[in-house]
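Heads up, the chain below is alone and in the form predicted alone; it's given as structure tokens.
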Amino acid sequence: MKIGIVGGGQLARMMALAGYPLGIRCTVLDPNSDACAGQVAPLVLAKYDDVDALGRLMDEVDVLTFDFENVSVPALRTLADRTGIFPPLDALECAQDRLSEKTLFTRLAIPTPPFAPVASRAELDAAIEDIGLPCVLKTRRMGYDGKGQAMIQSVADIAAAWDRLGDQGELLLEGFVKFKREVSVISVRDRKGNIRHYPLSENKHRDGILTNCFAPAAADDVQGQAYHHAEKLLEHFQYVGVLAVEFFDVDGTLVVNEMAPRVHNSGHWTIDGAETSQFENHLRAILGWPLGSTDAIGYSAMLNWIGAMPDPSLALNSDRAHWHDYGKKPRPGRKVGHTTIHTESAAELHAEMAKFATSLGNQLASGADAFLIKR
């Protein structure tokens, strides 16, 4: 079986690697000649809206997927009759526009922060009057890893937020949620409508970038909320593939932040810590194969390596750690690799995490030491 992947980053790389043991071969399309997935799969060098290149790729594969949201929906729609495209383009298109996404959450009765579209300074002032402070001004499109966002804590911050984002097209204002923690669920639905969920993960961010996560990380009632909300989205889109949904945990009630119609950074722990990884299950789902078990094996934590890879010796000398280098050139703010730590109990996991914090110090992924909280 052959799968085409639009986008050649680390997510495409991990999908390709998950496919090899199953006899699946992936080809990736990316405009960058150094795309890291090109190290493990054939690379088609082309822009995401290159209809001719996309068409040639689709003619060579059994199914097409993508590894991030910022690909061309119009280009893919023109080719939709060439081969199957999963997840569905309606889900991709919705996730590309924060207003469409928030509107859908509201329609499906999934709790979300108050929000309002903003197209002028006057509309921003009116939205702040209605929603209140603090709040967050965001671009509606193309924002990821904290990009395209400005926090507004007080009236004094409004002008600076508008100066920063006001010329970037349509915007969205969201009320700020005072949350206890951030969590996410990775769910998968196959072509027959069967759904499976991975255990909820607790996530830590710094400057909008995921630094580390821990799973399983929720009581049954909280986890049940996440599953219920995810299933509404999966059924609405008649979804096929992996879907990630991020939430704010507000004293045991989940408020949705955003969805990602693809495999997701907060699910990297599943490579080493679940019976079947999110990457393998995504491939199984889009090919029409049976889904694998999403059960966790013990407890897992994932540390993102951001900017540059640290000394690998600590991970390689540990019986509990797994080293993942994406083969990327170092660059500030860039995700270049991760380490998964896997143990039998939560207590063992935190002890192992403490070793990393002590040994790596400032090399630890930006703020990853913040994960080491008392429980």
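When you see a residue number, it is the position in the sequence shown, counting from 1. Quick caveat, the model's predicted, so the values are computed rather than measured.
Below: the form predicted in complex with a small molecule, not depicted.
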Contact with the small molecule in the predicted bound form, heavy atom within 4.5 Å, among Phe176, Trp162, Tyr227, Phe237 goes to Phe176
Name the residue from Asp272, Glu231, Glu182, Asp97 that puts a heavy atom within 4.5 Å of the small molecule in the predicted bound form.
-> Glu182
For the small molecule in the predicted bound form, the stretch among 75-83, 164-172, 204-212, 285-293 with residues bearing a heavy atom within 4.5 Å is 204-212
Closest heavy atom of Asn257 to the small molecule in the predicted bound form, within 4.5 Å or not?
-> yes
Taking heavy atoms and a 4.5 Å cut-off, does Val136 contact the small molecule in the predicted bound form?
-> yes
Distance check, Thr276 to the small molecule in the predicted bound form, heavy atom within 4.5 Å | no
So in the predicted bound form, does Gln149 come within 4.5 Å of the small molecule, heavy atom to heavy atom?
-> yes
